[in-house]
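Taking the form predicted alone, here's one chain by itself in structure tokens.
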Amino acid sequence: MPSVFTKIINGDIPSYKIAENDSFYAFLDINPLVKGHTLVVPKVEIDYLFDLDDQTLQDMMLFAKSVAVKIKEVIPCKRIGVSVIGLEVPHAHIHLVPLTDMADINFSGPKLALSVEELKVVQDLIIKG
């Protein structure tokens, strides 16, 4: 059965896409820690990030870097934090989280409840840079 991320990549579940190429897909987290919280996933469905072959992992990090640069240009923050947890969805993924302090990347804390309109504004802001 395809993961929820594969369903997003395939367009079966809508998403707020930020960037895409032949191998990777980046989209806003719909339960973000902060505005601009983005997920980066490989299009190949592999459960654990470090099970990716070396070239795919390298390419994914470079793709994530390009997305992080775009986020940092438009979302007020000190830097973009990177987190790899991977317990909630069995599909390798990286969290890119705009940070102003350490509490911004606390996954145990409350998530934002952004409206569809707010998510679209953030999406457009990042895409248009």
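Keep in mind it's a predicted model, so treat the numbers as computed, not measured. Counting begins at 1, following the sequence as shown.
The discussion below concerns the form predicted together with a small molecule, not included here.
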* To do: Please check if residue 31 has a heavy atom lying within 4.5 Å of any heavy atom of the small molecule in the predicted bound form.
  => yes
Answer with yes or no whether residue 64 is in contact with the small molecule in the predicted bound form, where contact means some heavy atom within 4.5 Å. no
Does residue 8 reach the small molecule in the predicted bound form if we count a contact as any heavy atom within 4.5 Å? yes
- Item | Touches the small molecule in the predicted bound form: residue 39 (any heavy atom, 4.5 Å) | yes
The one option of 82, 44, 57, 89 with any heavy atom within 4.5 Å of the small molecule in the predicted bound form is 89
Worksheet item: Can all three of 25, 120 and 127 be found with a heavy atom no more than 4.5 Å from the small molecule in the predicted bound form?
Response: no
Exactly one listed stretch (69 to 77, 98 to 106, 48 to 56, 31 to 39) reaches within 4.5 angstroms of the small molecule in the predicted bound form by non-hydrogen atoms, and it is 31 to 39
